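A single chain comes next, written as structure tokens; it is the form predicted on its own.
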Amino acid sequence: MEFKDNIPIYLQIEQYLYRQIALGKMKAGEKIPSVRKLALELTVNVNTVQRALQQMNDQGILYTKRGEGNFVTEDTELLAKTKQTLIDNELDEFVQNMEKLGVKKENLITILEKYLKKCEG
């Protein structure tokens, strides 16, 4: 994973884990990799991973079973809301980038439809 300099690493780890959950790579009720394993995998400090996991625990996305590790919540409604938040964030960034390029909001749908048709062909 490549980290951006302008965003704290623990927040980027959170976003990475949210994406893994939204993509179904980590399912509801499933145990996630240990803090040490994630730190090795992402090549970051264990404390940084722990901070990201604590934030996710505080938000209810993860829960901890003492002596067993961290698990993805089984609250499917919360998981659906989290996925929608990720989608909304991506759309916000897309719209902002298009506005910077001088594209008006009312033209976005047409431009996106053209792009998707081009991708199909």
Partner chain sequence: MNDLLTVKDLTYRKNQKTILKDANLNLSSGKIVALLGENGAGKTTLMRIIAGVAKNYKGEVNLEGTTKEAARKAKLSFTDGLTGFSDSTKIKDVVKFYATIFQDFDENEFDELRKFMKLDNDMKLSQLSRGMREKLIIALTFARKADLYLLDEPFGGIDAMARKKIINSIILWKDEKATILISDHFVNEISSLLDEVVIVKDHTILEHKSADDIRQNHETIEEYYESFYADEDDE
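Numbering follows the first chain given and starts at 1. These numbers come from a predicted model, not from an experiment.
The form predicted together with the partner chain is left out here; the points below concern that form.
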query: Triplet 21, 28 and 65 all within 4.5 Å of the partner chain in the predicted bound form via a heavy atom; finding: no
query: Stretch in contact, per heavy atom within 4.5 angstroms of the partner chain in the predicted bound form, of 39 to 47, 92 to 100, 65 to 73, 79 to 87; finding: 39 to 47
query: Residue 116 within 4.5 Å of the partner chain in the predicted bound form, heavy atoms; finding: no
query: The partner chain contact in the predicted bound form: residue 108, any heavy atom under 4.5 Å; finding: no
query: Contact test in the predicted bound form: residue 5 vs the partner chain, heavy atoms, 4.5 Å; finding: yes
query: Partner contacts in the predicted bound form for 10 to 34 (non-hydrogen atom within 4.5 angstroms of the partner chain); finding: 10
